[in-house]
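Okay, so here's just one chain, in structure tokens, the form predicted alone.
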Amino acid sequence: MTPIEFAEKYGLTVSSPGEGDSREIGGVYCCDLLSMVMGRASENDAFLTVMGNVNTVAVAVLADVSCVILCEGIQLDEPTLEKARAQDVCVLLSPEPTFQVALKLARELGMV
């Protein structure tokens, strides 16, 4: 499942499409401590967080995740959104808590 397919199925907002229609979600990584994400997220993971700043976009690029999903209604400010678009980072927005989004993803990926 691509990030865009996930967004369409579950009503998430696509803030930055990036490569969201061409990359498959391979796993789920939930964390708000960006230094941990850099060292522990796997390539093609969906990275779920409430940290909506420019460093989140940088970490997404470094970790080569398939998308960033901002939970709890968090949104990117305009400069950060521009950076995500410039870096082709797919950013999705959800009003739901991280756990709820992660559970949906895990079910889609056959992890639970």
Partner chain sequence: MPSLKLQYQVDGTDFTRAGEASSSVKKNLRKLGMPADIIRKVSICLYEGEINMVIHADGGVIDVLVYPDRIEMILADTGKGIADIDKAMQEGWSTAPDEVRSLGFGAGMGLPNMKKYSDEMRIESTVGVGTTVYMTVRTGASQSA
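Residue numbers count along the first chain shown, from 1. What you see is a predicted model, and the numbers here were worked out from it, not measured in a lab.
The same protein has a further form, the form predicted in complex with its partner chain, not shown here; the description that follows concerns it.
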TODO: Classify residue 75 as contacting or not contacting its partner chain in the predicted complex by the rule of any non-hydrogen atom within 4.5 angstroms, answering yes or no.
DONE: no
TODO: Answer for residue 70 alone: is it within 4.5 Å of its partner chain in the predicted complex, judged on heavy atom distances?
DONE: no
Task: Contact test in the predicted complex: residue 32 vs its partner chain, heavy atoms, 4.5 Å - done: yes
Task: Partner contact for residue 58 in the predicted complex: its partner chain, 4.5 angstroms, heavy atom - done: yes
- [ ] Let me know which residues along 41 to 80 have a heavy atom within 4.5 Å of its partner chain in the predicted complex, or say none if there are none.
- [x] 41, 42, 43, 51, 53, 54, 55, 58, 59, 61, 62, 63, 64
